[in-house]
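Only one chain is included here, represented as structure tokens and corresponding to the form predicted on its own.
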Amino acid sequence: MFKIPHISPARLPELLRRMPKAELHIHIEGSLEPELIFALAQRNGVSLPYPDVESLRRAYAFTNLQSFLDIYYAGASVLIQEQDFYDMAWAYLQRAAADHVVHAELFFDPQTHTARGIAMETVVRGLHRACTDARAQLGVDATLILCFLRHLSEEDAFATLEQALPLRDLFIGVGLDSSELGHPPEKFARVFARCRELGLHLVAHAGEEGPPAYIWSALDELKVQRIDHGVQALKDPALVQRLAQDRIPLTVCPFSNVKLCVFPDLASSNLAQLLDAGLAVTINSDDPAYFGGYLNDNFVQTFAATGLNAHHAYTLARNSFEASFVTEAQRHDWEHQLKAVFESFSEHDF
């Protein structure tokens, strides 16, 4: 077991910024900054209901998940050409590299685009090209996870899967996102069973606004390998035991939880309790353009608000590698890098 060196609280923010980490809960459409939205709107001749960047940014005030989704889908309307999807992903991946993200699994919502007449191939090829370039130019290993919109029907999800199958080699898994309440995971049991047969990795949003029952359903009906969010798990001790025992990762998104009124503020986050319960928790940015910050912002501000320490930082970063859909060799290499960064912060060096 790696012995965490003594690191003073004053140096903790810099450690959080510099340590290598994986991001496993990032909606690429949710990384679309107002400036890029306006640039793409101009390029594609799309009219926006906001006169300028600042008025759009001011509209980023949400009271719940649905009010966020309404503006999220409006922003996505500027994505039309393959290059648009590339530019969006590339902008995120550059920020990820600056945050010392070594691996990112990008969620994308094809139904948001195919419903507007955009071809599946346009979406996937643009995103995949950015991921390929990120490996070569930024040193960021990036892959794609196709998400089904849960407010739509399972039939629609099946149709989306069929459209994506010719591009099967360009994405590694499927997820389930959008409006959680009223759309339990079991609604998509058959399409997830089909994805499992195809050898795709399986994840699902459950237990941010939805109850612990949704997490049980995602595990037992969809047979997911990872729970996205999952903060409501603490309301069910038997569920906590199951998650801990099976090492089911939770991709927690602190800023999202506050912006969508799950918790009143970061200090109220239950991240410490989830860690204390032995759960494989990770920190992620979710929809960073809309929720106020990217991965390092989530780490630094959450640690400042909750009093988490260097031991928690190491655990969270290591969990992110453990939870990643990667090879053991990649995992081992990143863990080695993580230890090296922590050792470089040892107080004995000063």
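Sequential numbering from 1, following the sequence displayed. Keep in mind the model is a prediction, meaning the values are calculated, not measured.
Below, we turn to the form predicted in complex with a small molecule, even though it does not appear here.
Report task. Flag this candidate site as yes only if Lys21, Ala280 and His312 all have a heavy atom within 4.5 Å of the small molecule in the predicted complex; otherwise mark no. Result -> No.
Query raised in the report: Quick one: of Trp216, Tyr72, Trp90, Phe263, which gets a non-hydrogen atom within 4.5 angstroms of the small molecule in the predicted complex?
Result: Selected residue: Tyr72.
Requested in this report: Consider the chain as shown here, without its partner, and state which of Gln232, Gln111, Ser178, Thr122 has a heavy atom within 4.5 Å of the small molecule in the predicted complex.
Outcome: Only one listed residue qualifies here, and that residue is Ser178.
Report task. Have a look at 40-48, 293-301, 320-328, 63-71 and name the one stretch with heavy atoms inside 4.5 Å of the small molecule in the predicted complex. Result -> That would be 63-71.
Report task. Indicate whether the small molecule has at least one heavy atom within 4.5 Å of a heavy atom of Glu186 in the predicted complex. Result -> No, Glu186 stays farther than 4.5 Å from the small molecule in the predicted complex.
Query raised in the report: Hey, in the predicted complex, is Thr251 touching the small molecule, heavy atoms inside 4.5 Å?
Result: It does not: once the small molecule is placed as it appears in the predicted complex, Thr251 has no heavy atom within 4.5 Å of it.
Query - in the predicted complex, Asp141 touching the small molecule (heavy atom, 4.5 Å) - result: Close contact is absent here: in the predicted complex, Asp141 is far from the small molecule, nothing within 4.5 Å, heavy atoms only.
Query raised in the report: With the cut-off set at 4.5 Å between non-hydrogen atoms, does Ser256 touch the small molecule in the predicted complex?
Result: Yes, Ser256 sits close enough to the small molecule in the predicted complex that at least one of its heavy atoms falls within 4.5 Å.
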